[in-house]
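Heads up, the chain below is alone and in the form predicted alone; it's given as structure tokens.
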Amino acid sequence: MQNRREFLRNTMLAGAGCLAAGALRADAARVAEGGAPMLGFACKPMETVRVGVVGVGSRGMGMINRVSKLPGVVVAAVCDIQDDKINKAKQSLARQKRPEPKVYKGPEAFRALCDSGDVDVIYNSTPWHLHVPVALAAMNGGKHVLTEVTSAFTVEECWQMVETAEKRKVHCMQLENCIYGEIEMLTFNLARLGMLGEIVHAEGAYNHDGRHMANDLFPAYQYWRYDWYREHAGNPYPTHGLVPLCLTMDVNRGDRMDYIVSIDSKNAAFADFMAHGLKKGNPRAGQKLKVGDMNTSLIRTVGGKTIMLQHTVSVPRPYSRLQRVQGTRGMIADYPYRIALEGDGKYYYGSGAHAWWDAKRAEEIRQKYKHPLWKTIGEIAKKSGGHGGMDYIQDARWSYCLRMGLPLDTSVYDLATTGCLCELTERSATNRSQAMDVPDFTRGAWKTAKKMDVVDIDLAHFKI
């Protein structure tokens, strides 16, 4: 039977014809069912979670400051290419009277860290192009890996992440903090309670004016995010708006993405900024970007649900992840938070929901049905910071699961299913919005996978 790599190699030989004919069957060589051994996977409970942080810039330092306050977690090692960042990490831990971490320094030093016996978990907060190399090195070194988004960018990289996690029997979780946003978790809770009815459609986005990055004159090795936009079309950052919706809509847990179509607008706002908004002497003057000012994608699941996904970093507009979920009994949205249930929440079946509920009633719903995690540690999270507290809840939750020997909230299959859209949206957007099939990284196991629970933390095991 032809294996996946042979299939991909043969497909590449006929690549142009494949795209011209229609959707790319990227999962055609993965038709066997009964896969996905990492669904529901849990490792033995860890009395102490020893973490090695690779990349101690902005995200890495934020993580160090947060997890140093968590019970049973030790930052045992730090790895970076710059002395000043390593020193800041050591100083932060010293101020908190935490043990001094072992230092790994250099472009390839992460490999030695991943092979060492110093840590159990690698926290990967490197630039985008290093996400996959660091994650693979960590798993091959027998370490669990938590990796920042976007965690992988191509279909092949996503398969590599899946296959390595399965082979090494280690966790590989993307650090999608927006799962733990208060309104995202409220939405999930309402859906689980059946208050929205059957979910039929959702909308998510990463709409964020990021033109300023073109004026950020860092050393060359820190150009990575801007450089991606210069070289690629499509949606390179799908997870913030998408992953919370996937959990609410049971993607990989009873349903899965079937296909996606994507379209890019022209690049006008970013082009205008590059022509008139750059500071004098900026070496990027005259450069052109492939990223469109707005990418819009439509996803259909096997179960018939639809998702509208957007991405923009180059137009003047307020930040939004949209987070709109439409069910047969009502709708909830964010930016700003709003809710409307059919028949004023009392009568269903055709009485309608023709206006958003007033602020008082919306707030009553927000408080009454707040997700248990936000009830339990929400106030602690807000004080600890990190995007309004959701970063802290994310770190508290994965560390708690590792200490208790519980499955993590998302798996390598969630990472792969959403990460591969970077390639698929670019393929679609640059080929007249042709439909692209989304690979089934679970190889059929989504049909019987357990839905995500409404999870919490037992404070008896979470002493601050």
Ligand SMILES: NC(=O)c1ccc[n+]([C@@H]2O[C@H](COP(=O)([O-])OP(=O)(O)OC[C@H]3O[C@@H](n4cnc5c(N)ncnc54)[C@H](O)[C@@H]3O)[C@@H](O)[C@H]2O)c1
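Start at 1 and count along the sequence shown; that's the residue number. In this text, all values refer to a predicted model and were calculated from it rather than measured experimentally.
In what follows, reference is made to the form predicted in complex with the ligand, a form of this protein that is not presented.
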| query | finding |
| --- | --- |
| Listed residue (R253, H144, H131, H311) with a non-hydrogen atom within 4.5 angstroms of the ligand in the predicted complex | H131 |
| Single option in L415, M436, V54, L421 placed near the ligand in the predicted complex, where near means a heavy atom within 4.5 Å | V54 |
| Partner-proximal stretch of 226-234, 135-143, 351-359, 103-111 relative to the ligand in the predicted complex, 4.5 angstroms, heavy atom | 103-111 |
| Candidate site I377, K451 and I457: all three near the ligand in the predicted complex by heavy atom within 4.5 Å | no |
| Proximity of L175 to the ligand in the predicted complex, heavy atoms at 4.5 Å | yes |
| Heavy atom of R59 within 4.5 Å of the ligand in the predicted complex | yes |
| T126: touches the ligand in the predicted complex, heavy atom cutoff 4.5 angstroms | yes |
| Close approach of Q82 to the ligand in the predicted complex, 4.5 Å, heavy atom | yes |
